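Take a look at this single chain, the form predicted alone, given in structure tokens.
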């Protein structure tokens, strides 16, 4: 049971970090001058935003994983990547698509004159993005970003479907043997409440630290 909770925490940390990185890179590429790159990012966002995360998880594990397998000496096929990797990848891409949109809406809320002022001071596009545009966009999109990562933490329970030994899967192994289902349900519920509460508390702390007095951010 404890190992299942540890796996849920590990899965949450990895997917939050990876989806945030995907969101930052994605919104940066959306501003590039190359049309094909912008179209690829838009297609990625539409694909992962408009399909259920469980279907995406099955697609990665049952459709892509067999393509990346190897044959052992006894002739049996073995996957190169395990179910934990595919769950992490699928959930990160799913939440990352939403992060791209959250950060994009934050950047579009910044007045155009801000970017023009940066350009007049000699900032390159990358410098403007890293030092001015994204920090402001992150503050603007922080409430929506918090909602997204809270949903992501709860969505990690879908990894149960491909036998990742997270909290729900570990609990199912115990209640099948010991017939203590009510106790397991209470533990799972409390564990997720605590985990989400920690995430919300951390994000509120970040929001307070990043707040700019007088700017409403």
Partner chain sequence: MLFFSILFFAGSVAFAQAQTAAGEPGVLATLAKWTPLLFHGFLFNIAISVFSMALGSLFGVVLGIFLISRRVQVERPAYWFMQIFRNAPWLVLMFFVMYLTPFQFHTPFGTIPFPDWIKATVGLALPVMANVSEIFRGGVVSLPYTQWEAAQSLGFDYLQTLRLIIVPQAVKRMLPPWMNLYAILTQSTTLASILGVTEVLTLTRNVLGAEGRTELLMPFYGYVLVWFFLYCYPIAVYTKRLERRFSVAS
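For clarity, every value in this text was computed on a predicted model and none was experimentally measured. Positions refer to the first chain, counted from 1.
The form predicted in complex with the partner chain is left out here; the points below concern that form.
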query: Site check 85, 198 and 206: each within 4.5 Å of the partner chain in the model of the complex by heavy atom; finding: no
query: Contact label in the model of the complex: residue 17 to the partner chain, heavy atom within 4.5 Å; finding: no
query: Non-hydrogen atom contact residue 56 with the partner chain in the model of the complex at 4.5 angstroms; finding: yes
query: 4.5 angstroms heavy atom contact with the partner chain in the model of the complex for residue 30; finding: no
query: Residue 193, heavy atom within 4.5 angstroms of the partner chain in the model of the complex; finding: yes
query: Heavy atom contacts to the partner chain in the model of the complex at 4.5 Å, residues of 3-38 in sequence order; finding: none
